[in-house]
Ligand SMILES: Cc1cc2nc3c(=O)[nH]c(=O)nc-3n(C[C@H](O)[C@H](O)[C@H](O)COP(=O)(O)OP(=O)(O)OC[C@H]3O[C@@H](n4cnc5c(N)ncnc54)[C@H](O)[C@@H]3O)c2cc1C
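Here you get one chain, nothing else, as structure tokens; it is the form predicted alone.
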Amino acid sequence: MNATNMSSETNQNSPNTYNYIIAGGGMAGLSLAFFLNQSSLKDKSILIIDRDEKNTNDHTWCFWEKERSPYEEIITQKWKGVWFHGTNNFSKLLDLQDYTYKMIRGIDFYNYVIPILKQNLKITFLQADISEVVGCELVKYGKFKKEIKDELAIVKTNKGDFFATDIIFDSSYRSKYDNPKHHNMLQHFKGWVIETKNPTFKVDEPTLFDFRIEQKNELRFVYVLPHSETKALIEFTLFSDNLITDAEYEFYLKKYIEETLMVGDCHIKSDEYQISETEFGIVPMSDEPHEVFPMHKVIRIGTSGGYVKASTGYSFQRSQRFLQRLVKSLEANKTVGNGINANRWKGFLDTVLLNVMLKNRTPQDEIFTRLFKYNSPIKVLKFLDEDTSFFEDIALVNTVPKPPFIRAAWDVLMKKIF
């Protein structure tokens, strides 16, 4: 068994048994452990199971916030302004005012969080493949009374079974997202970190959205995150219900770098840059309800728990918020929620936008262009973070093309009724 930091108390009194098991040690699982380790629950025995070693830069997370981040020490870059390039030649460097746009590289996150967690002898790491998560069985007696038949929840792996006395936090479960009654699409992307021979990038001016590429009846954009004047992450992103081939990702990345990026008045030639890193990802965008509490003593977190915003695919900052709320609930011994404050109105807006995009009711790049052209960037960022009021939402929605959104809203309401 490839486990480290196994507590002697766990070994002697209850082999393979812990208070908490975190099934899946990705961003959500490690963030939860990070916040538990800072809380009054840090003396609980915790097992973190993941199949990967977390020794590669497999993700880049970007987010905006006013406050200091819990991971401020490993922020790779910070920006107070971002470029937006939309339709009809609308381009603007957006002033973020009180907000800061921040970037964290996956490898820096892992190298920061994991050593901190390993200093706590109550926290154990196990590299294994998870095959099943099994909650406790509840047996009902009479009309109201319930009794727990099995006291321990179980995570089954290729290295044995492991037991939780309190809770299993499961981020390993993956929904099929194939319910025809709901809206399901994907955010998928491929990025290259490129290094150029000559100074190319303005370090203080990243590009948040660049829609100056072929849309092909989908939502397609590129963002550019400079590391230095000669190094940047270029990421080609699509919102669609179909994946494309690896060759197509590379074609559009190469086309953007050599035909859209400029050095002064000149384009970048193919022999003037090299690719030093690549990354690829697929994020579900769905309004399917998530079964957050599938079994007794099991709570799903991360993508499994519905932490990804349905209409945008944003997850990093949402996950941090939800997980901190979850830990506070655990500390207070309150009825444990999953950290999400369900807001039906915000969920309805997500569903309407998904409907517009999936049914291609209007050019999707135009939607985002109008949002950023006719509203302050602060209002739009607050809207995307679900921090706006009902009346602010109405004002923002009033700036997008009305007929397609009215048709989408009617379609969504009819599906809910019938």
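None of the values given here were measured: they were computed from a predicted structure. Throughout, we count residues from 1 along the sequence that is shown.
The protein also exists as the form predicted in complex with the named molecule; that form is not presented, and the subsequent description refers to it.
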Picking from 113-121, 292-300, 198-206, 315-323, which part of the chain touches the named molecule in the model of the complex when contact means heavy atoms within 4.5 Å?
315-323
Hey, in the model of the complex, is Asp166 touching the named molecule, heavy atoms inside 4.5 Å?
no
Would you classify Lys42 as touching the named molecule in the model of the complex, given a 4.5 Å non-hydrogen atom cut-off?
no
Distance check, Ser172 to the named molecule in the model of the complex, heavy atom within 4.5 Å:
yes
Do Pro377 and the named molecule come within 4.5 Å of each other in the model of the complex, heavy atoms counted?
no
Honest question, do His59, Ala128 and Phe280 all end up within 4.5 Å of the named molecule in the model of the complex by heavy atom distance?
yes
State the residue from Lys54, Arg361, Lys382, Arg370 whose non-hydrogen atoms include one within 4.5 Å of the named molecule in the model of the complex.
Lys54
Residues in 19-42 that come within 4.5 Å of the named molecule in the model of the complex by at least one heavy atom, in order, are Gly24, Gly25, Gly26, Met27, Ala28, Gly29
